[in-house]
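As structure tokens, the next two blocks hold two forms of the same chain, structure 1 and structure 2.
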Structure 1
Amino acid sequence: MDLGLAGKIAVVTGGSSGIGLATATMLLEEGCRVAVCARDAERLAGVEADLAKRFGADNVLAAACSVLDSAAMTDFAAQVVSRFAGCDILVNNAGQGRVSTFADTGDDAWREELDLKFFSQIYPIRAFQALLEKSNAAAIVGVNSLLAYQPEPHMVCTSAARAGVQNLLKSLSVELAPDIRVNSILLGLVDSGQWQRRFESRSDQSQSRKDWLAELAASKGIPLGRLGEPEEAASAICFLVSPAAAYISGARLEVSGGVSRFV
């Protein structure tokens, strides 16, 4: 099936690792020109060099900046328009989860988490909205989590923030229509940078990665019996931003191995 992505210009936030990197790579494979951003300039430069080698330097742009810096997002959009002369696709992927209960989440942590979850959508959308409105195939995907509908007590503020983001994306799917489609993906557990960090800080350091992941999947009761791969999340994102999904807006697509319990 041809997704119709060839020739499109795509922006992926948090494109230097995990799901963002897999998405940027897949979009390039589909014939897009792709701009990515992330904060760690050194890691991003390595990713940019690798993608440029594989897909051509003219097709790749990388900007070291935070999605939480409004001015930097405006500058990132200016770089994209200067290099690629437009933007068709925005994937708001940058971020991370916070493990904490209500008892151990202080005010600063609450504000930091709400700030990250909301403004990682708001600032990039504001920065790229005018460019997207000029496209005839504009699409935004917000990378969100099942926690939006299925909160976990050990991730209380991430869950609450995710629910708010889901609500925001639904509103935007109406306010930005018909020019821009807005959809979300709801992730379960995907084996990427954040799970690697949790693996590295596991309590039993003698446990192998394979065994640790198998135990994690079993403890979460994932029906498909394993964590997802970044490429499996990327496939869903690429579909939703593609012309193949031209009549889909305001929708959510689960990529979770069937672990959601809501209907």
Structure 2
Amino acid sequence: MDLGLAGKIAVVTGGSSGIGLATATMLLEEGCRVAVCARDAERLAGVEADLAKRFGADNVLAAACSVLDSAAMTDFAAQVVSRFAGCDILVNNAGQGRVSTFADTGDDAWREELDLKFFSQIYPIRAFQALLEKSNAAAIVGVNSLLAYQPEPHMVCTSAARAGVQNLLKSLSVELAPDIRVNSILLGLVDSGQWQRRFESRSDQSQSRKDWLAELAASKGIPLGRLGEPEEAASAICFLVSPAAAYISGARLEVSGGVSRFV
């Protein structure tokens, strides 16, 4: 199936690892020109070199900056215009989770988490909105979590923030229409560096990674019996930003292995 992405210009935040990197790579494979940003300049430089070698330096742009810096996002957008002369796709992927209950989450932690979750969406959208409005196939995908609808008591702060972000994205799907489509993906557990670190610190050092992950999936009640792969989330994102999904906006797509319990 041709997604119709060839020649499109895509921006991916948090693009130096995990789902962000998998998405950037897949978009390049589909024929997009791609700009990525991330905070870790050293790791980002390595990613840029690798992607440029594989897909051509003219098709790749990388900028070391924070999505929580409004001026930096504006400058990033200017770099994208200078290199690619426009933008068709924005994937807001930057973010992380905070493990804490209500009792042990202080005011500063609340503010930090709400700031991260909301402004990692708000600042990039503000920076790229005018460019997206000039596209004839503009799309935004916000990478969110099942916590927005299915909160966990040990992640009360993140769950609340995720719910607010989902509301924001739904509102934007109306406000920015018909010029820009806005959708989201809701992640369950996806294999990442944090799970590798937890595996390395496992209590039973004789246990294989495969068995450890299977035990983790069983303990979390994941019907498909495993964690997701970054590439599986990237596939969902690439579909939603593509012209193949031209009549989809305001939607949420679960990438969770069936672990959700809400209807």
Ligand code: NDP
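Only residues modelled in both forms are compared. Each residue is numbered by where it sits in the sequence of structure 1, with counting from 1. Just so you know, these numbers come straight off a predicted model, no measurement behind them. The term rigid core refers to the maximal set of C-alpha atoms that superpose within 1.5 Å between the two forms.
Note that the form predicted in complex with the named molecule is the one shown as structure 1, not structure 2.
Comparing the forms between structures 1 and 2 on their rigid core, the Cα displacement of D69 stays under 2 Å. Here K220 does not count as shifted, since its C-alpha moves by less than 2 Å between structures 1 and 2 after the core is aligned. Positional change of Q194 between structures 1 and 2 reaches 2 Å or more at the C-alpha, relative to the superposed core. Once both forms are overlaid on their core, the sole residue range between structures 1 and 2 with Cα shifts reaching 2 Å in three or more consecutive positions is 193 to 212.
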